[in-house]
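First, one chain by itself in structure tokens, the form predicted alone.
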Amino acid sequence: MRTEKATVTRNIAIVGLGPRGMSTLERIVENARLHPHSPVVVHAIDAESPGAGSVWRPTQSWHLLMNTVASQVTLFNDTSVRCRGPIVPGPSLYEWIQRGGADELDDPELRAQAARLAADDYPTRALYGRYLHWVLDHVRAGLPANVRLHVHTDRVLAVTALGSGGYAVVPSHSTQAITVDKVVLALGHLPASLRERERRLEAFAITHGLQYIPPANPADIDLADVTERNTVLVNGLGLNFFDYLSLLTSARGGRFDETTGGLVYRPSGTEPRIVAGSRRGVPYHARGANQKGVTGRHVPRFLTPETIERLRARARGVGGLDFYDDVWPHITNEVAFVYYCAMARQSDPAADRRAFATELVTALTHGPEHTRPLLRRHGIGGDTEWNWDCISRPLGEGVFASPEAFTDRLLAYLREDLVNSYGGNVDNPIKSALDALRDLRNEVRQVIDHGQLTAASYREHVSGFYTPLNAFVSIGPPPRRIAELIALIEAGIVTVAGPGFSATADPRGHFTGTSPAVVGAEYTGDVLIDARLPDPGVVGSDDPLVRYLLDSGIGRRHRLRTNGTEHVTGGLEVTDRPYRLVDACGRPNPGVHAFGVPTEGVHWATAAGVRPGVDSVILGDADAIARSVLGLDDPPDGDHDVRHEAVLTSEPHALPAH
């Protein structure tokens, strides 16, 4: 910090105080602690639950689970994090519980959950929300003398630039704006306005006395009017589907009993009939049981730092990469490497593992004609070679003769997926391979973020192919959820309709769902749920602050333009670190930063959380933003990196691994 600014009070607003807002707050406090003669005032504002935000609020149903194990969830940095600010460790969610942090919870159910939670169990979102509240209390209790913190529970309607410098933050429940020098937007998942299809479905439901639930967080939906007399059609078999299942079954008093043959569901009598389906016809792959401990991850053999540097240079030189040609082969080789190493440990346990891995890297680099002889020598047959088609379409492309035939095949597949999951994310070949995609998130980010792909490739290959594939195979539900689904199907509560399923309005006055891949799979219902979250980013957002930022020109939507093709990614456009918001004219706002889910498209996979011990990119980002708003790392005036086109124009920097 420059000497002449040492006694000037810096006023900072953090809008959105969920996990990313909390990470930024913690970094502001710890960086400011090292500058005791520089006063700082922070206004932390959240509309729902300061500290946890809306998604993780502790008041939600304790039937809703995270899909990350307790030992791999934190909000504190550690010695693995590459950042310029101080390293101030703190407990992960599991460590907090082990240290007695949950003993004072006022909710007996949450205390009971904490008491039985193991390191590799999946905590409830409500319990994580209480941990986040504790982090806020911990930060507040340890404030240095030069930092004052004001926490507001309110919705921000606007952020306006002042002619005298600084910004006015306009809350909805106050007659006075909050005047600050810097603003950090950590808005998280945003509410969305209804699209044309959703408006038509809503009007149809109202006209015919039906119920329609558009894309939303299931925790925000009142399901009291859905009763045992209803038939519910559900579009989607992803994470939201499992949330709705829990809210409509076990949250209503039904229970799952452990038996020697697996879980058995005992209905409460208040469950509706549920018919669900999706394009693939099967739910997301279950997560493999964690065998990696807290910090274990696959170390890339193909998408290495050297390869990343080469790809980034190519992006600058040719006007953008083609994901399918330039990036996807490296990802496939990484996944195949992990898969075949696990296969070899099973088929040829006496072999030299290091030698096999070295040979395998060379073979995969040169293609199948070199790989297959190596695999055969180690007992890996052609019928077990890695096949993306089998992974992405596990039930194939055929037609099933009846709903009963499809259900039999589905149950066999789900049981196989469950066995694979219990086999672990290191030992089981399939689950270890799919978990490698989770480990590779940051390497992928380094070659696709900030417009390094062509507009057409990002639209077709990332948004249209890789992002949904990555979700399907690597961020699925805990294994327990698959076991519960099997039990619910066997109990007659749930029917999975089949591949290509679509449920929509029927002119006869009800909702109809069909699967073209299953003969006779036609179902009618009086409730329709679109079981997915609104798209990340800001396109279609109903948030008043986002609308104001876009309408006023303080921010703009991110666009990729290459070779005559334009693609609106959906995110708020920001510069490279420290992520200054770019205005309508393409200029960076020196005092407004945006972080997390609303920037999806500029950044990839922004909804991921902080994992300890693996140099989390989120913590590095939060530290960079904190130091910028404190004036510690201010560049010369005007020296801000803005990507106007889909090509990098500055030297790359190595992002840390998430």
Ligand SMILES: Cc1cc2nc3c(=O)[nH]c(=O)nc-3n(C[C@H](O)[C@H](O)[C@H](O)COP(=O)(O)OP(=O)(O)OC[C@H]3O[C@@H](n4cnc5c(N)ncnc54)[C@H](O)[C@@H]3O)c2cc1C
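Bear in mind the structure is a predicted one, so any value in this text is a computation, not a measurement. Don't overthink the numbering: it's just position in the shown sequence, from 1.
The next section is about a form of this same protein that is not shown, the form predicted in complex with the named molecule.
Of the candidate stretches 106 to 114, 155 to 163, 197 to 205, 514 to 522, only 155 to 163 contains residues with a heavy atom within 4.5 Å of the named molecule in the predicted bound form. Site annotation in the predicted bound form: the residue of 502, 307, 270, 217 reaching within 4.5 Å of the named molecule with a heavy atom is 217. Checked against the named molecule in the predicted bound form, the candidates 613, 39, 609, 631 yield a single residue with a heavy atom inside 4.5 Å, and that residue is 609. For the chain shown alone, residue 26 is not a contact residue for the named molecule in the predicted bound form, no non-hydrogen atom being within 4.5 angstroms. The named molecule is not drawn, but in the predicted bound form it has a heavy atom within 4.5 Å of residue 186. The named molecule is not shown here, but in the predicted bound form it comes within 4.5 Å of a heavy atom of residue 56. Within 4.5 Å of some heavy atom of the named molecule in the predicted bound form lies at least one heavy atom of residue 45. In the predicted bound form, 66, 67, 68 are the residues of 61 to 94 with at least one heavy atom within 4.5 Å of the named molecule, listed from first to last.
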